[in-house]
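We begin with a single chain expressed as structure tokens, specifically the form predicted on its own.
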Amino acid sequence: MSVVTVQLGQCGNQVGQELFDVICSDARDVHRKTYSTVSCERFFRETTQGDLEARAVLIDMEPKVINHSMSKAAKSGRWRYGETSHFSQKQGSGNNWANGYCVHGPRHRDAVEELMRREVEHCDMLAGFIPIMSVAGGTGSGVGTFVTQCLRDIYPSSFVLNHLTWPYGTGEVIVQNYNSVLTLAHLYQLSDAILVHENDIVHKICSQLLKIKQISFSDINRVIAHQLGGVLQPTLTPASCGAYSRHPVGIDWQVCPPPASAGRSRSLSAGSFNTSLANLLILRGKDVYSAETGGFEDSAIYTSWLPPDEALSLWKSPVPFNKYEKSATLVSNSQALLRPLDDMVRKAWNMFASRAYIHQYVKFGISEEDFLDSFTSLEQVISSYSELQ
């Protein structure tokens, strides 16, 4: 089954290009034919000349980043983007979510939907979509949210997994908290699953683990791409009966609500470890079948109303990922994002209360009521996760 990746805005196109490069490098090992075949079928299609073309649609309101991504892929000599799989304009969204969502998205809807339709028609079986975007800017967040809404309308039964890059807490864009609130509130209603990478956390990985002295966005994007590849590359799952799972994004994150009798006592300020609703642990390479995973089965990690055997999924592959002898990737539906989310909503609300920059959104069609609805939605998310016990 195949996945169509939708790269949105500057961040989405840069991360997407790095991701395909990592996946192609990992898949092009002639000594592991089955693994490579499943991986290439998932993310690439083969042209009549035998070249690999990414199953991707590239969207930005400015052409520079798309042109660079396409050129960089072609120069690798290992894979490329389709010559007609991209859409760009000459004017960006000005870091304004409303401009992307209310103006650029609807204005170019037909052209973008046609690109996605053509890409889907190249798939023998469609597993779903992976929109890759930032939450801070205008095109990635605003147009990205609009495109996700289009995907949900046109392909209602397909899985949509949004990958979001969370901005630095110190700020890259003065209105990034507005853009983030609007993006997250909408995607919470539209997406089947949301994977988040925080720039601050990835920056620490580059500095403290990789010992990079002068950290660039290329370094950040490369780490994100490696971690995403660790999630999306083929694995053996309990349901795959010894064959590599051909459904890469079909993680069942649907969590049963707590019974009415379940108490709630843990608060955001409790200072304890993150309580999880669900964890996906992916092991790759040497010794995956003898690895000790008991710590992830500890009931103390999970809510009291969800048995660990239902909350933990364990995927394995004896094939090393990207030349690492062994690797582990954890995808967690937990309280981990509570503090940055709460901080972002608080900062956005303080700006909203002082009416800072509101007119820049109103003029493109986002009302104060839209802001209030988004704040309410995210406050409910924060409350629900804060009170997990």
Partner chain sequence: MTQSVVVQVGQCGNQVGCRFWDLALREHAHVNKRGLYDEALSSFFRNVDPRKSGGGACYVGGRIQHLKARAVLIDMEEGVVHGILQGPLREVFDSAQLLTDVSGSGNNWAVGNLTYGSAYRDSIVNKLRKAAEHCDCLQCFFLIHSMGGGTGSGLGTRVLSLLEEEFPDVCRIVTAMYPSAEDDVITSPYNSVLAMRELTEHADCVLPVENQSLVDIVNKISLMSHNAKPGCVLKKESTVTSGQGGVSPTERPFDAMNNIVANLLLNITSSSRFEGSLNMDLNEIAMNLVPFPRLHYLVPSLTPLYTLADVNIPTRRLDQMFSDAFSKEHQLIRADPKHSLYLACALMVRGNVQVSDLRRNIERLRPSLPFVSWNQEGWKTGLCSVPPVGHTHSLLALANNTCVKPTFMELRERFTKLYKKKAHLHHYLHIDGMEQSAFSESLSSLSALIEEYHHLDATKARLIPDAPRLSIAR
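Source: prediction; values computed, not measured. Numbering follows the first chain given and starts at 1.
One more form of this protein should be noted, the form predicted in complex with its partner chain, which is absent from this view; the next part is about it.
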Query raised in the report: Is it true that 189, 329 and 336 each have at least one non-hydrogen atom within 4.5 Å of its partner chain in the model of the complex?
Result: no
Query raised in the report: Which one, 172, 297, 198, 113, lies within 4.5 Å of its partner chain in the model of the complex by heavy atoms?
Result: 172
Report summary line: Contact with its partner chain in the model of the complex, heavy atom within 4.5 Å, among 157, 290, 91, 84 goes to 91
Query raised in the report: Is residue 47 close enough to its partner chain in the model of the complex to count, meaning some heavy atom within 4.5 Å?
Result: no
Requested in this report: Report whether the minimum heavy atom distance between residue 17 and its partner chain in the model of the complex is within 4.5 Å.
Outcome: no
Query raised in the report: Is residue 3 close enough to its partner chain in the model of the complex to count, meaning some heavy atom within 4.5 Å?
Result: no
Report task. Answer yes if any heavy atom of residue 360 is within 4.5 Å of a heavy atom of its partner chain in the model of the complex; otherwise answer no. Result -> yes
Query raised in the report: If contact means any heavy atom within 4.5 Å, which of 51 to 59, 317 to 325, 36 to 44, 351 to 359 contacts its partner chain in the model of the complex?
Result: 351 to 359
Report task. Output the sequence-ordered list of residues from 334 to 348 with at least one heavy atom within 4.5 Å of its partner chain in the model of the complex. Result -> 342, 345, 346, 347
